[in-house]
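Same protein, same chain, two forms; see structure 1 and structure 2 below, as structure tokens.
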Structure 1
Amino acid sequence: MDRHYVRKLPAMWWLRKRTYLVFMLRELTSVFVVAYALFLMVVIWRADDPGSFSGLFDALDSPVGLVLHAIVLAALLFHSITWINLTPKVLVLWRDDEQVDPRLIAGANYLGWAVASAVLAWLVLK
């Protein structure tokens, strides 16, 4: 039987380099994305009952609810920005023999994000 030596990594190996840290933080923020999506599903589910729906919104209007929403917003912004910044590395486009500028790819993604956010804000706030 051939056994290969597997080097043991310390538990905090991802703190050694900034790129590892950003990667791990982005992966951690995906938990916030899932948790908030589940939270929104609960809000939609409870919207049928006016009593529990108003109680939910009273709880969200409390200082704890506002702080939690601020934390989730920061996590989602970090997740989205780092994800969009990765797209030029994953999506390499060529036009004839020249590579499309990575800033153009990321910029198009930021523009799409801004347009989608503006449309959603318009729909919610009208």
Structure 2
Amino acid sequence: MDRHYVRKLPAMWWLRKRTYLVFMLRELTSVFVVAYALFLMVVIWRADDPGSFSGLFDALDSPVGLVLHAIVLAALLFHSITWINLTPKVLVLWRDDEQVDPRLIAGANYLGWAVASAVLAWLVLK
């Protein structure tokens, strides 16, 4: 093979295009999803012993705690919405020779998300 010129991707390649950045954010926000899920699991696991948490809950019930929650909520929404919007690409269904409308598949995911959130909210707030 003759001499070729080979170009290398710069380390910051994901800042070069909006689509790359959205992808990177979708991947990075998954860390928030996992971290907050673990946090919630610990809370539930120790729920019968409120004493061990009083300090933590006081800390969360503060401006810093609220800001942290707002950040986690934003990351979770970004992750969930970009993720659900991709589901119709993965799941392509056919019904009687006709492709099921991709919006229906994403819609079903949104519906599932809303129902699960409503049930959880009811359990927590009742």
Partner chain sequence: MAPTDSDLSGRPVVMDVFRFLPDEETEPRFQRYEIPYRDDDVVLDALNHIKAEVDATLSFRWACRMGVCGSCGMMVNGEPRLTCETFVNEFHPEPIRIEPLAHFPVARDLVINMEDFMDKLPTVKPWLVPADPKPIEEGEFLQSPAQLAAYKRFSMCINCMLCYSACPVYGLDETFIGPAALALAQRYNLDSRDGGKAERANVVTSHEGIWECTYVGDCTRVCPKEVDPAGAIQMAKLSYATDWVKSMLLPGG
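Each residue is numbered by where it sits in the sequence of structure 1, with counting from 1. Each form is matched to the other, and the largest set of C-alpha atoms that superpose within 1.5 Å is called the rigid core. Remember, predicted model here, so these are calculated numbers, not experimental data.
Taken from the form predicted in complex with its partner chain, structure 2 is distinct in origin from structure 1. Relative to the superposed core, residue 103 undergoes a Cα shift smaller than 2 Å between structures 1 and 2. Once both forms are fitted on their rigid core, the CA atom of residue 118 lies less than 2 Å apart between structures 1 and 2.
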